[in-house]
Structure formats: structure tokens, C-alpha cells
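Take a look at this single chain in C-alpha cells; it is the form predicted alone.
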Amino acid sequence: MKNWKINRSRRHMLFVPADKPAMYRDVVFYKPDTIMFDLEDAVSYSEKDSTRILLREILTDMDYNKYNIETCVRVNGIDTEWFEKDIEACVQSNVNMIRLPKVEKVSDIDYAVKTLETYEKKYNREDKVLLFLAFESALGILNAFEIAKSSERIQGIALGGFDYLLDLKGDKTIERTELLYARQHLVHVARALKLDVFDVVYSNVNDKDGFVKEFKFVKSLGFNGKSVIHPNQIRYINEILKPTPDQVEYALEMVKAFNKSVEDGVGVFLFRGTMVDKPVVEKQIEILKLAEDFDLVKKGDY
């Protein structure tokens, strides 16, 4: 759909191997915010060309946006022979966004944008293909701020845990303490630039408790979403993020009280026996925006 824009927070980005045609239709029923078709690690070298053609044809025919789902394609790295062909196929189809793997330098983004512009012009595409960046190396993490501010197409950033750990020569721990610096750094980059920030995948799809514990932890750090590899993980994220009725009621009352205080020309005001100022209200507005994503309130309600 031309000029379609996601109208809610990005909370989950579901990986789908691009060489599995049966999954292209079924995945709609799981209602991910973003579907990420993978042309990179999920596809063998010998199947790259045929899979790209499959993806181009299906994503030209199917309109995921009418289900309020954003489409993203993880292309092969810019240093590979497949990158430019991947970009061309995405521009030709109804892809909203490209996930660039293993970005390390501003020049990576410059090259990607230049390639996108070439094919958008060639195929007379009206809307620009957006970018989501994956940082998967020590150099990428250290350069993340300069990279992430280098193009207005960039919507968000993500941590790629497996390759990052290989680059660090570290060991995977149960607590994932080896990722703490990168996680905190990327959250700071994202918040400074007003971008979305996504955490690594949780590979044990049968371990609900472990997934929930990890997502609650990265949420407390500031992450607003997580890359997922199984539809169940979408449900777990929604369960954690969905505000309770009491939270929604509290937030609505406080925001309405704040609005009245503004009308009355009052800065700090008393709410349920506690003095409240603007930053406290802004936290409640965040809860109401999340509640909107779950159709619990509408914008006109507050």
C-alpha cells in the first residue's frame, strides 16, 4: 500500500524464513506488528536467487498493510554479491522497510541509501523504503550514534546477539551479562535520536519463563520491542506490555486532572494525595499510548 505508515508502537518483529512460501499467508494470523522476511542467514547460498524472486512476487501480490502489519526484509550484507539484487527486489514489491545486518560505519548507510534511491527512481516508487539497522559487532556498537543519525529513513536499531558475541570472543551466560553494555548503549542511542530499539531473539522457543524474564529485563532498560522467532513470543510480549484496567483508569484520571490544571494555569498539582508534575504525567501518557495499541482507549479519551 503506497505511503502506508505504521500507526502504533513497534513491539515485536517476527522473523520468517523467506524460502518458506507456506508461511507467507499463515503468518498474518499471529498479528505481529512487523513481519521480517529473512533473505540472509535463513537462506542457503544456492537458494538466494530463487528465494529473492519468490519474495518479490509474493510481496508484490500480498498487501500485509491492510491487516495493519508492517513488512520488513532482512537483506544480505552490503559486502555480499546479493545485496544490490535484494534491494532491487524490495523496491519493486510492497516492502515497507529493510533491515540492514552488520552495519559498522556511516558509509554503510550512505551506500544503502544510494542504492535505494537508484532503484526507487528506476521503478518510479513514490514512497521511500525505510531502514532498520542491526548492530552485530563491537565496531558497530561503538559507532552506533553517528550511524543511526545518518539518514531520515532510519526508524530503529536492533542488537544482533549471536554475531556480536562471536566478535567479542565472549561466552553466552544465562543472565546475558555479556550483552549489558551493548544493550544500554543502544538504548541511549535510540532515545537520543527518538528511534525504536529492539532486543536480540530468544532462541529457546519452549522456555516461556526465560523469555518473559528476559523481556521484562530489557523493557526495564528502555527497549520497546524484541525480535522474535516464534508466534508464541508475540503473545508473551503483549501480555507484558498490555496495561491493566487499573493502570488505564489511573492514567486517564491523572491526565484529565493535568489538563484541567493547565487550563487553570497551575504547574504542580495534587492528585490522589500526591503532588504531581509534568514528567509524572508524561509517564501516564506513555501508558495510554500503549493502551491505544491494544484498543483499550482512543486518542479522544484523554
Partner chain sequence: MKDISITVGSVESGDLMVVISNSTNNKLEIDVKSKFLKQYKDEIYSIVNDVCKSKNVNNLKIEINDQGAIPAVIRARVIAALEKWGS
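Positions refer to the first chain, counted from 1. What you see is a predicted model; the values in this text were computed from it and never measured.
The next section is about a form of this same protein that is not shown, the form predicted in complex with its partner chain.
Given the stretches 20 to 28, 290 to 298, 277 to 285, 7 to 15, which is the single one in contact with its partner chain in the model of the complex, using a heavy atom cutoff of 4.5 Å? Residues of 20 to 28 come within 4.5 Å of the partner.
Does any part of Glu57 reach within 4.5 Å of its partner chain in the model of the complex? Heavy atoms only, please. Glu57: contacts its partner chain in the model of the complex.
Close approach of Ile53 to its partner chain in the model of the complex, 4.5 Å, heavy atom: Yes, contact at 4.5 Å.
Would Asp63 count as touching its partner chain in the model of the complex under a 4.5 Å heavy atom rule? Taking the distances in the model of the complex, the answer for Asp63 is no, it never comes within 4.5 Å of its partner chain.
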